[in-house]
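Let us start with two forms of the same protein chain, each given on its own as structure tokens and named structure 1 and structure 2.
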Structure 1
């Protein structure tokens, strides 16, 4: 695991940024729009076909994998949407939409002339599909019958799963015990298979309650409780 998977409770990482603006610079809005369009145009969705040349699957998980896979020094150096930009650019190169040389050349063009107009246009069917995707969303709930192993009130222990690039399990919860507060009805898949990390296929999801004093002994305020929604693959029976 990388340092960025362990952030909760760590000290010495510098001051916390309390920026409240969603977008600090104008280009960040465009990056958000590109990401949204890529998700909406992914071929696995049951939405009307469009003349878009986008032919591969892109999800939130791909975006997070790109960020979490960074060298930790780069992860903490770049701002939020700079990580998005790097992840999306890398994805386009890896999937053959553009070469690294072409991307470098186009970047140089706009750095030399920042006022150069950006490409315009596009088929209305693409806009309609993106708008429909935004309105309907993409629920992770799956129509499969899977019974949960734990019930409300059960004590569970968080596994220390082998994570490579991407995880939905915070490092500070690993090997700690908590109490199941809620068993969400149904089963929930994840956007992609995280490999040895363990999530992807539909499974139960639990809301687990932890006491902060148990997570960070001697380094928290009293009477602080933390709740975490955890996939079933991340929890097990407590060790004796």
Structure 2
């Protein structure tokens, strides 16, 4: 049971920090750029091949899985982009692009001399593909005809699926009943196969409406409705 899958509704967390900036440190912009480039260069995309040495798959699912797999105390300890930096550095080491020793040694050089220049050069096709990825996106909609089991207005129950690593099911919805608000047209895959958790292959997705008073009995606010977009694998007919 990963706490990161169950964040909705935790109590005792204290006040919101209303920080409107996207990045609070200049260095955070760099890891964001690297992550985006990795997604753009990932080989499963139908984009033109480039001379990039990047040959392994990287998607949002990989980034999320890494963050979800952290010790939950570390998940709260490290800021958002600190988690990205840890996860992405680890990925490049695990997949043999760089060694930990190289990274440590180069980090020490830049710590001693932050203004030491970056290397220059590289194939323009790499940057062209990155721009094209951002402009075209990567839709999970698949040209597969699957009839949804449910229609608008149906009551559904959220399944307590056996999740091992990664999920797209907000944990606080498990076992609750909701009403289908929208049946999204078509079928949608996901960026990775989540195994026994159930998503990956194309399937319908439903927008399901929940009453807050049912999710948090006696412990919520009046007149609040919560909607979640749920893959078909996460919902079932209510038990009698």
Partner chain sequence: MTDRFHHPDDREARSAARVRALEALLIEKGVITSKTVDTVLNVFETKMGPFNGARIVARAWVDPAFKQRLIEDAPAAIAELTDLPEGMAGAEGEHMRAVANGEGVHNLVICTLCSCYPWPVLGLPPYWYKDPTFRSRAAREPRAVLKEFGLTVPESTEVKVWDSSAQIRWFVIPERPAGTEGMSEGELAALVTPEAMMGVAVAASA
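Since the model is a prediction, treat every value here as computed from it, not as a measurement. Numbering follows the first chain given and starts at 1. Here, rigid core means the biggest group of C-alpha atoms that superpose within 1.5 Å across both forms.
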For the form predicted alone, pick structure 1
Determine whether the C-alpha of residue 22 shifts by 2 Å or more between structures 1 and 2 once the rigid core is superposed.
no
